[in-house]
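Okay, so here's just one chain, in structure tokens, the form predicted on its own.
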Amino acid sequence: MRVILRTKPRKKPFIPIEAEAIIPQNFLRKNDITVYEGNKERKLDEIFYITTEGPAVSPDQVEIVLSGETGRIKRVGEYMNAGRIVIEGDIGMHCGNFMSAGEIIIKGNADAWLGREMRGGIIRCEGNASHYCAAGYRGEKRGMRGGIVQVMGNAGDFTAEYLSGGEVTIHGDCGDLPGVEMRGGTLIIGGNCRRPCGNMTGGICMIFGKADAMLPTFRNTGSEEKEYGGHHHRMTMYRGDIANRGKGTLLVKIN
């Protein structure tokens, strides 16, 4: 089943839409899906033109396509456990919160907390992601725990904060403090970043650009070769953060 949701014109287009109900498993039942426009509960057809193509008997057979002015729509894919969501433009904050299975494709940019505390599944953002991509929410001690997040462009500050499992790949640059408080998983940064992996206690981070303002609490343990982008790169290997038990691994390309 393919469900196409195209946004309708709104009198106040800057009011965010809370749309955690937009997940494949909810579209197996009819006429009872609602979202919030600000503090007003709205039926789905008040916000979207809805087109449905074909049947489905399980959530993994459902694909949702979001199009139009989608940059203010938040929490799409929250607790998603099957199926596919394709977003043809930008998407708002908290896309893929707690997602455990399925696939989300974003053809534009993603706002903050993309894949927050994700458990499984795949998120691919073809544009840029904002701050706290694949991180934990404020006060949480674990961020992303499983699955795959790929950002083809750049990401903001605190990418993969408290990363505990899964794989995060940012093909462009990251901002400040990517991988801070990492506990597990893999973080790959294709471009540049600043102050990576502070206070990490586990996991692997690989940086194929420059790591500015490297913290002094990482111990150089030699070099290793890694493949990225179809090429082999010589990397300096660090153990750390030795200020917090020093059990993580940080590799930075030798320029």
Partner chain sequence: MKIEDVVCTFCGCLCDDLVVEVDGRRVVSVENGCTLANEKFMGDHRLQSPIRRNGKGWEHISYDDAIRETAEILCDADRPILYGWSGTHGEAQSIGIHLAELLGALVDNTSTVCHGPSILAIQEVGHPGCTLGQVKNRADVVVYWGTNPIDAHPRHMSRYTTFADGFFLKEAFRDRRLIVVDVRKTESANIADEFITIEPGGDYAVLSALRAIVRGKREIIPPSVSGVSREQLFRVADLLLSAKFGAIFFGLGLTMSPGKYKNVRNAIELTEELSRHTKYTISPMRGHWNVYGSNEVFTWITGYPYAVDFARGIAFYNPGETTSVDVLRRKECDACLVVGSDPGAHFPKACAEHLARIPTIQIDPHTNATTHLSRIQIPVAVTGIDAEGTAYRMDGVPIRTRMLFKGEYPSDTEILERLYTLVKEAKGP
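Numbering follows the first chain given and starts at 1. No experiment lies behind these values; they were computed from the predicted model shown.
Form predicted together with the partner chain: not shown, discussed below.
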With the partner omitted here, the residue among K226, K43, K210, R219 that in the model of the complex has a heavy atom within 4.5 Å of the partner chain is R219
If you check I33, I188, I47, L215 against the partner chain in the model of the complex, which one has a heavy atom within 4.5 Å? L215
V180, heavy atom within 4.5 angstroms of the partner chain in the model of the complex: yes
Just checking whether P59 would be counted as a contact of the partner chain in the model of the complex - the rule being heavy atoms within 4.5 angstroms. no
Within 4.5 Å, heavy atoms only: does Q25 come near the partner chain in the model of the complex? no
Determine whether any heavy atom of K74 comes within 4.5 Å of a heavy atom of the partner chain in the model of the complex, and answer yes or no. yes
Contact stretch among 226 to 234, 62 to 70, 193 to 201, 47 to 55 - heavy atom within 4.5 Å of the partner chain in the model of the complex: 193 to 201
Suppose contact means any heavy atom within 4.5 Å; which members of 104 to 121 contact the partner chain in the model of the complex? W113
